[in-house]
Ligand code: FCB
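To begin, one chain is listed below as structure tokens, in the form predicted alone.
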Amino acid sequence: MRRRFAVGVAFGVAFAACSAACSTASTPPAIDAGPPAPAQVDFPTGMLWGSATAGFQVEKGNATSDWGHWAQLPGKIKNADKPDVGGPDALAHIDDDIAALKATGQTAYRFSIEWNRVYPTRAAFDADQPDAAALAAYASLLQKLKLAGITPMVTLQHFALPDYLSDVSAPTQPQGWERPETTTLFTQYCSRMATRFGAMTDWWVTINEPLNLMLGGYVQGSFPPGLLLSMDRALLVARNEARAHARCFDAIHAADTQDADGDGKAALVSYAAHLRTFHAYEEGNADDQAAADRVRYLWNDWFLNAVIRGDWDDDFNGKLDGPNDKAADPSLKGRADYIGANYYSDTLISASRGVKVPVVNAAVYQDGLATGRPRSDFGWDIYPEGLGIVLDELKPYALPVVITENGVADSKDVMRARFIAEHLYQLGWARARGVDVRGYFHWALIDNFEWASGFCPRFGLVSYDPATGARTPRASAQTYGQIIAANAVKKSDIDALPAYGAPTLCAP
């Protein structure tokens, strides 16, 4: 998931732990929504309605990834949870998961093809000798999705990297996306997967939440390689991920020339951005607002500007005035066919209190906010209006948008139904304002391993009981199915839903 650190590592925590000072934070200012809220929002015919997962979070047997090793280290995962012990083992239960999608009328499924599973060793990669069982498993999933009438969206890198590129035992050495070879090999991997599976899918995600991976690994220390405030290395990762995305985009388009669904397009390629809203910690404080603007630019805009407009802000200062900056760089410009947007919650930014992060010179708070809003089990605000704000901010890019993740940590299922309805209402309202949203993927289809938080947060429409192996649709899945069937959300239907229940806090 995302996430937030996508799904397991909170973005705000990556910058500064929310302390008792959070209790003094003011309520973020109201956003002028313009015209009155419509009584009903409608969705287009052909809207992608789906759920999302990630391989490392729902599969078993990814021990040859950096996360496979990381999860074995003492103190890295909440409750010492292990991904292979207690997880839903998705590749062994493809039919069950497809049945869950069909039961609610979903028409799409986002999942990842795990690089380390396909090529478990560097020798296998260099010889292009993929693991036959891995290829067969992913091919089976894609084939069964097609037979079920479900559109696949394939992610090629969702946080986990092969251990021959990211060695958790040597954090002082360049790892993962710091290494130039990672971009080269990832480009080859993209080409090979597009060649092999292009006839079975048209929707591709290159990298999931690249900045979350940067922050988790190099600022917060909860992702491999586990560094704290290593800003030079963090920014190098961001730069290399942006260029790797652009090269992967080109590689997929060169290799995938087959139209899988008959719409005349062989490949639609983007990355999945984790987008948030950012408000001043103290309402009306000009310094806090300026800091919020700085953080919003780095988090929401920098990567999009690079791969859509080709605007390369090498020093991350919000201006194209540095010696290495470029405008409309042809090696980057136009490398997105759509915008993949993951959205979860709001963030408060302070210029004067808390631990300030270099580059943005601000403290960031995302959990335990004194806003009076309901909170998820992660302690994040439930802020559906923020999805509308984020979508409006994407409109100037003039590309179709797909919500590639949106969900709530809610183990008791006392928030999810209303959460889904309210966020889809905001999505429909944004469409009415002219934002070209083509799809929505709920995070997640089933309860899974939420990175540093282990199995504590429960995001699934389907619950998973590790003791019995039972998969049980939650009641909130029915709400999602009803909205899909109606292809619309009525405000009156939202008002009729129960109010948000109390969370079972499960912060990382």
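All residue numbers refer to positions in the sequence shown, first residue = 1. What you are looking at is a predicted structure, and each value in this text was computed from that prediction instead of being measured.
The protein also exists as the form predicted together with the named molecule; that form is not presented, and the subsequent description refers to it.
- This chain is displayed alone, yet in the model of the complex one of Arg416, His158, His279, Arg117 has a heavy atom within 4.5 Å of the named molecule; that residue is His158.
- Shown without its partner, this chain lists Glu241, Asp256, Asp410, Glu405 as candidates; in the model of the complex, only Glu405 has a non-hydrogen atom within 4.5 angstroms of the named molecule.
- Of the candidate stretches 207-215, 74-82, 282-290, 187-195, only 207-215 has residues whose heavy atoms lie within 4.5 Å of the named molecule in the model of the complex.
- In the model of the complex, the named molecule sits beyond 4.5 Å of every heavy atom of Ser376.
- A residue is said to contact a partner when one of its heavy atoms sits within 4.5 Å of a partner heavy atom; Glu450 meets this definition for the named molecule in the model of the complex.
- None of the heavy atoms of Thr347 is located within 4.5 Å of the named molecule in the model of the complex.
- Within 4.5 Å of any heavy atom of the named molecule in the model of the complex lies no heavy atom of His245.
- Although the named molecule is omitted here, in the model of the complex none of Gln106, Trp203 and Arg438 has a heavy atom within 4.5 Å of it.
- The partner is not shown here, but in the model of the complex the stretch 251-276 reaches within 4.5 angstroms of the named molecule through a heavy atom at His274 alone.
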